[in-house]
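In the block that follows, a single chain appears as structure tokens, in the form predicted on its own.
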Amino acid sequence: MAAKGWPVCSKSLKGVILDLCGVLYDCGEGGGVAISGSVEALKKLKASDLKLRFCTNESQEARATFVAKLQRLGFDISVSEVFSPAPAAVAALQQRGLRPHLLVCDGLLSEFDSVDKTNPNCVLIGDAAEKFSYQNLNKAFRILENLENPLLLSLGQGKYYKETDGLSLDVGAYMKALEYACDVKAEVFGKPSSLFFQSVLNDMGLQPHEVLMIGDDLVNDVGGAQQCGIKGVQVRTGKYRPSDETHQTVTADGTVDDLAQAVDMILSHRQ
């Protein structure tokens, strides 16, 4: 399928932000699989003069763990290049004196070792997968209901993501359940938060008009980037659906088949 549209920023482009799951690889049993052509496409980007960062809502594993997994799949990625919601949440918890009740996967718990979790005054959820049982959700609900000023924090708000055996529910579905039951509005860390995208721009030392975001999620990747003034390109891999191209509220600045095509477009427009 041909590329649809392309951002006019390409010639002045100085940096690229990439989503991980659905763009570089599909997660699943055994660590998942690399999407065809993505390892080579990343090598091409790395060989260019563009600054590169990875922006993910991954919240099942600690950042170092899933970076190691991606390295095993053949990707040249370092921990310092990856921005994920857990470290951002930890910084906010410490700054604000918050003590969370955590509803997250065991693999993410180490990220919160430095945080006081006694006598919780908020609830923080991530993509807890099998830990999203009735008992665990009800415990989180009861904690929120017993707080004078209930505060719900969420590591993302995605509806679903792509695994090798199909789509799987993401944290957003459970976040909405707690919002509804407790009459609260969750504070979201990660995409599409403008603060999250701004932290990536700050690290790159670039302005929004100098950066391009590439993701498979039209709302959280593309729409979140656009809210910060970053152009957003969607790939037709991962959670992409044909209906995304006629979405009522978010329109990608460009749509391509995969990361390999996106990288070829980027590099050809800069010549």
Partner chain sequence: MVDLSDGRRRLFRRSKAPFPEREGAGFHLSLLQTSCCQLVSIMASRRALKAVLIDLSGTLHVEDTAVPGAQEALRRLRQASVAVKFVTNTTKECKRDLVERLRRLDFDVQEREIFSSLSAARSLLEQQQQRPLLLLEESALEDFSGVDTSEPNAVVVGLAPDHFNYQTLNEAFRLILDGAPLIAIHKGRYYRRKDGLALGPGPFVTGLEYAADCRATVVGKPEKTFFTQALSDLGCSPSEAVMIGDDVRDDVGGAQDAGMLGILVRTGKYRKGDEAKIAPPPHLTCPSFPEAVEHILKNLLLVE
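It should be emphasised that the depicted structure is a prediction, and the values quoted were computed from it without experimental measurement. Numbering follows the first chain given and starts at 1.
The same protein has a further form, the form predicted together with the partner chain, not shown here; the description that follows concerns it.
Undergrad: Of these, Leu137, Leu109, Val115, Ala92, which has a heavy atom no more than 4.5 Å from the partner chain in the predicted complex?
TA: Residue within 4.5 Å of the partner: Leu137.
Undergrad: Could you work out which of Leu98, Ala88, Leu147, Ala173 is the residue within 4.5 angstroms of the partner chain in the predicted complex, going by heavy atoms?
TA: Exactly one listed residue reaches within 4.5 Å, namely Ala173.
Undergrad: When the partner chain is placed as it is in the predicted complex, which of 194-202, 72-80, 117-125, 181-189 ends up with heavy atoms within 4.5 Å of it?
TA: In short, 181-189.
Undergrad: Would you check, heavy atoms only and a 4.5 Å threshold, whether Lys46 touches the partner chain in the predicted complex?
TA: Result no; Lys46 lies far from the partner chain in the predicted complex.
Undergrad: Given a 4.5 Å distance limit between heavy atoms, list every residue of 197-223 close to the partner chain in the predicted complex, or none if there are none.
TA: The stretch does not touch the partner at all.
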